[in-house]
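Just the one chain here, laid out as structure tokens, in the form predicted alone.
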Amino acid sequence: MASGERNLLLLNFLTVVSLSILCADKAFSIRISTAPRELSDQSLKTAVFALGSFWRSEAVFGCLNGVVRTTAGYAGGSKINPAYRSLGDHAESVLVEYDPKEINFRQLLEIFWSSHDPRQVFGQGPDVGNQYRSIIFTNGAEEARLAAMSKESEQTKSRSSIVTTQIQQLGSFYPAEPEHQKFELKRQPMLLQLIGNLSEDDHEKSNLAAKLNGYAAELCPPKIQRRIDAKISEIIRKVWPVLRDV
């Protein structure tokens, strides 16, 4: 479903819902459940990557099966408590919390390489600067080995240019300010209305928000993008907020 068509369908849906509210003269809130399936934090693993603007980077990973939460932030530098307007030598990064029973670090690396140009020096597309450099952050020797192997494999695809991606042991990760979390989703007011205008805390921690952030940016794998299209179409057909997950 094209983004223009999706927005038109959502607009029609929200118009009908608004009329229903007026006729019923009752308080009403559109709400989609944001709770992922039960997983303890102890069962999750984390990975951190830098691949350009963290707005897009967060959307890249949010839709993947097995990814539970994503957080935009800063890593790779020495400045304490960096901020968007004062991040020092940090890179814009994304922290990915994932279920290792469904997706592993090697698969996340594949998404990392396919989602940006690792041969561009200190930047991605029009975003140029040290904060947009390409980095794989690792936890322990095994992740460092897998990262090095994947970089070597990426380099063999073309010898005419150098893969500039750095591999660093992860130090501190600083979450970005609330306005930078799920940025692509926040650019879609109709989707925000559809899910009930989540709190800032929910935007950072919600599995649903992570998936819809990727969907809003049209960066989900095609199968997942179509599945979410179908869920939204189902809501529109029923003219009632029945969607509980994607």
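Since the model is a prediction, treat every value here as computed from it, not as a measurement. So that there is no doubt, residue numbering starts at 1 and follows the sequence shown.
From this point on, the text means the form predicted in complex with S-oxymethionine, which you will not see here.
- Of the candidate stretches 158-166, 108-116, 126-134, 140-148, only 126-134 has residues with heavy atoms within 4.5 Å of S-oxymethionine in the predicted complex.
- Not displayed here, S-oxymethionine is approached by residue 84 to within 4.5 Å at the level of heavy atoms in the predicted complex.
- Although the partner is absent here, residue 215 lies well away from S-oxymethionine in the predicted complex, with no heavy atom inside 4.5 Å.
- Under a 4.5 angstroms non-hydrogen atom cutoff, S-oxymethionine in the predicted complex lacks residue 61 among its neighbouring residues.
- Among heavy atoms of residue 207, none comes within 4.5 Å of S-oxymethionine in the predicted complex.
- Shown here without S-oxymethionine, the chain has no residue in 137-165 lying with a heavy atom within 4.5 Å of that partner in the predicted complex.
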